[in-house]
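Here you get one chain, nothing else, as structure tokens; it is the form predicted on its own.
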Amino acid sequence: MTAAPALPAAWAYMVRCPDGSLYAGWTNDLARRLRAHRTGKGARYTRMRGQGGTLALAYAEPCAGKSAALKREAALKRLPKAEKEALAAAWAAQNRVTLRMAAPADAPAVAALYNHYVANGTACFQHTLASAADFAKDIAAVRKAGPFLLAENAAGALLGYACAHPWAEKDGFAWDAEATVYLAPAAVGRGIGGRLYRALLAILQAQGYCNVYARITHPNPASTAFHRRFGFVRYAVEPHTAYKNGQWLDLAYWRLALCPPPPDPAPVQKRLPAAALRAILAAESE
């Protein structure tokens, strides 16, 4: 089995406000803190400076714990603006995002990322950690008919992945796909999930798929808002369908129509031409 990655105990970070200023803070949950800033529930500074635009993560530094994060936050606040900007620029260069297709050799990194969600929370219903061998088979199977995309930083570290499995096995479902996206915890809130999904949906549409489905733990406000932004519509909820972490969970079903139902659909194109695929991935890479 591939172990779930250990998360930093805390973070020191900077966000860029719509007016261009940088706010430094600390948190033990980077994704949750970013959501708070963006919804007007964060610091007074970002509430006042965050009107009329989106706050963006500009810098994130893992720390050993609360004490270390507080010290680093204080140091960041004392920095002159030019030094803050230099840190933000260097961090942005190190975290420049590139999208590419996965290969079976990427399975250990993908499994480690997924296992974070197995071990923490209810975004997935799996109880036991997945192995690299499991994901090597899955990547190879997905690539036979659809995309399995990775987002990486400049150092080649995995920031997230998105893939599309067949929705069902019968021949009549050949034009339907199920979308999945997972992000590394430190990549949440940076727009990487949107890049992965835009590329995934563009590839599926170019291949000739008609419908994309998603299954989401209910309630899951962040994932619900994310899918709504892409035009997904919830059409069903299965109550108390899965048990994890001491609770019964509902499962919501979402659908996105990529095109009006064609009267006589052409077969799905299993592989796009390399040039078309490169163009889609390049459009969502930095």
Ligand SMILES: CC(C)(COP(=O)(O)OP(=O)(O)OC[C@H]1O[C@@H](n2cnc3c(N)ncnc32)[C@H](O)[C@@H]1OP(=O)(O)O)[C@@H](O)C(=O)NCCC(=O)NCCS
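Bear in mind the structure is a predicted one, so any value in this text is a computation, not a measurement. Heads up: residue numbers just count along the shown sequence, starting at 1.
The next section is about a form of this same protein that is not shown, the form predicted in complex with this ligand.
Shown alone here, Leu129 lies farther than 4.5 Å from this ligand in the model of the complex, counting heavy atoms only. Interface membership of Arg229, defined by any non-hydrogen atom within 4.5 Å of this ligand in the model of the complex, is confirmed. Remark: Ser223 counts among the residues lining this ligand in the model of the complex, judged by a heavy atom distance of 4.5 Å or less. Contact check for His165: no non-hydrogen atom falls within 4.5 Å of this ligand in the model of the complex. Note on the partner interface in the model of the complex: the residue among Leu183, Leu200, Ala111, Leu150 having a heavy atom within 4.5 angstroms of this ligand is Leu183. The partner is absent here; in the model of the complex, the one residue of Arg72, Arg215, Arg143, Lys84 having a heavy atom within 4.5 Å of this ligand is Arg215. With this ligand omitted here, the record of contacts in the model of the complex names 187-195 of 187-195, 203-211, 131-139, 74-82, defined by a heavy atom within 4.5 Å. Heavy atoms of every residue among Arg38, Tyr117 and Ala123 are located within 4.5 Å of this ligand in the model of the complex.
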